[in-house]
Structure formats: structure tokens, C-alpha cells
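To begin, one chain is listed below as C-alpha cells, in the form predicted on its own.
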């Protein structure tokens, strides 16, 4: 792996850095887990999109710049180093969009991707169900055939961004008689404002509605919103989870910037020697994750598949995120209990990391069985 950037990549970095320096809001936006903050972040997405920085790796016809994965990583590093706002569109651009590029029709890509890139339509992920979290194949929500489409019924829960989002995507059981649980599932997109949809926000520890329950009562979805072949939803969903656990959801730029802010906080607070090693671990961990990601990107660019190794990514970044924020809160001391700032909100969000995108227990089973060749554990 060559760790040197090309002159073209350096020029791209400089262009991104200059744009961000001129456009990143001087004051942090309100939390995107509030109605006011959600609207402010949507407006920020429109500003990014106007100069084609919203989805740099997408083809130009959909609002991107068509850059390769290395330039995308460069952009992510600059984005977070500049202190730019969190991405309210991340469920769409990081999860649904790669699925559409791999499995959708040309008509679906042309219809869905532009409004996703601009932030005009914000997407929620509607996967988890009561009693069906990491065991996704046990889901019970159904889609029943009707004229021109499908009728959705059931309940989804822990749907990120669904409290204020416009649309959602998920898989539904379309053949209850299929011989195996992961068969007979279909991948669908649906409108959260459609008749029959009830959205009930779920408050996080800080009370903000970061999640929502979705109750679906004969919600009509036209055939044009089925991704792939009906009954083939499991295979398509697995490509989505690979993106969720792997490179796109948690790029190293986010942790490099957070580790630098932590080191700055440590210096501001008098360079407390009691937490020096933990700060050093955060800096080393961010750098290690960056190099591991570039190694995976090199393999990806060479045509290899990452596969089960995305589980290594997921376990690492989710546990790293908690440790980093715990160190910051320890440095802040009593101030952390009173603050409603980025460290406190970041800590609350980090606690969900080992649970969403497939629990870390499930990821460790995948690592043990598929990467280490160990026998299956008891279920």
C-alpha cells in the first residue's frame, strides 16, 4: 500500500479545505435530533449540494463529483477537521444509495438519488422490529400483494431520524410460507407521510427524539418502489449492512478530528497526567483506524471484496467511540454533567454504537466463525 498522496489528491484536499473554511457555520448548528436542528441541517445539505460537496463519490449526473474512494476519504478527513455539521442525510447517502447503485433500476436511481443528495428528501432506516433486532431474519412486518403494488403492515422500531425524516427503507416478509426465515423477504421504500403510517418518536437519554417507532397499517407501496426482485430482499439487505458496518458509516476522518479535539481539551484542562495514557490511546487508535481503512480501500480499489471483515470495523469504531467520549467527560468533570455541548451529546450517541448496525455480540460471532474459522457458538 502506498501511503503517499498524489498531486491530484493533494489538490483535491486543498480545494475541499478552502470551500469548507469559507462555508462551515461559525457557530454549531442546533442538534439534528430536534425539529429546529433537523431543518438547519437540511439547509446545510442543500448548501453542500449546491457546490457538489454533498456526495463527492457519486457520478456527476446524480450531483456528485465522481471521485474515487481515496478522494472520498480525503474529503471526509477535511470535513470533520473543519468542524462541519453532522450529516442528517447519512442513512440515505451511506446506506440506501450504495444499495440503489448495486441493485436498483436506472429509473429508480434517476428518481431517488438527486433529491437524496440535495437533502430535499431525508431517509430513515426502518429495519429493527420489536423482538427482532440483530436477528433481522425473524422480522414479522409483512407486505401483501395488491393491484399495482404492496400493502405494508406491522411495526418497526429504533428507526434513526424517522421522527423528522420524509421516507424510509426496509425489508418485509412477502412469503410467510418460505422454508427459511431469510427467504421470502422483499426490500421496499415507503413514504413516512403516506396514509396508514404512524410515527411515534422515541426519546433518547437526553430526551431528544433520535429514534422513532413506525406503525404501518395497510400502507400502499407501488411496484416502482421495490428494490430488486420480490423475495430477494435478504441478499440485498446484506449489501446494505456491509456498508453500514464497513467504510461508509464511520469514516476515519470523524475519529481523527475527535481525537485531536480530545488532545486539545486535555491541554486546556491542565494536561491532567491521570488521563494522559487514555488520550494517547485515542490518538493512536484514530491513526490505526485510518491506516486500516486505507488498506481496505486499496483492496476494494483492486477489485477485492471486504466481506466479513466489515465486522472488525464495526466492533472497533463503536467501542473506540465510547472510550474517547468517556475520556472527554472525565476531563470535563462536573462540567460534563451540566453541559449540553458536543461531548455530552456525542457520548449519549456513542452508547448506541455497540447495538445498532448489528450488535457487537453478533459481530464477534461473525468474526469468530467466518474470519477465524471457529465452531459456531450456542444460539
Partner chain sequence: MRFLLDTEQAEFGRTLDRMLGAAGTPAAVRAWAAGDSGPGRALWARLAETGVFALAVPEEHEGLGPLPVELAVAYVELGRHAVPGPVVETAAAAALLAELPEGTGAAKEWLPRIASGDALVSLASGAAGPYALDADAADAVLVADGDAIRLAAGHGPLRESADPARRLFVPEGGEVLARGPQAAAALARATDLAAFLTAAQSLGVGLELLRRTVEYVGQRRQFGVAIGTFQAVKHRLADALVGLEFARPLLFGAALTLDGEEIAAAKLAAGEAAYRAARAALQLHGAVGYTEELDLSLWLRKALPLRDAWGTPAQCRARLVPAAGGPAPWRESSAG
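Everything quoted here is computed from the prediction, not taken from an experiment. Numbering follows the first chain given and starts at 1.
One more form of this protein should be noted, the form predicted in complex with its partner chain, which is absent from this view; the next part is about it.
Heavy atoms within 4.5 Å of its partner chain in the predicted bound form are found in one stretch of 186-194, 157-165, 224-232, 252-260, which is 252-260.
At the 4.5 Å threshold, heavy atoms of residue 180 stay clear of its partner chain in the predicted bound form, well away from it.
In the predicted bound form, its partner chain sits within 4.5 Å of a heavy atom belonging to residue 294. Contact between residue 77 and its partner chain in the predicted bound form is found at the 4.5 Å heavy atom cutoff. Contact annotation for residue 277: at least one heavy atom lies within 4.5 Å of its partner chain in the predicted bound form.
The three marked residues, 49, 54 and 334, fail to reach its partner chain in the predicted bound form, with no heavy atom of any inside 4.5 Å. A heavy atom within 4.5 Å of its partner chain in the predicted bound form is found for exactly one of 39, 312, 329, 67: 312. Using a 4.5 Å cut-off on any heavy atom, the residues of 268-299 that reach its partner chain in the predicted bound form are, in sequence order, 271, 276, 277, 279, 280, 281, 283, 284, 287, 288, 289, 290, 291, 292, 294, 295, 298, 299.
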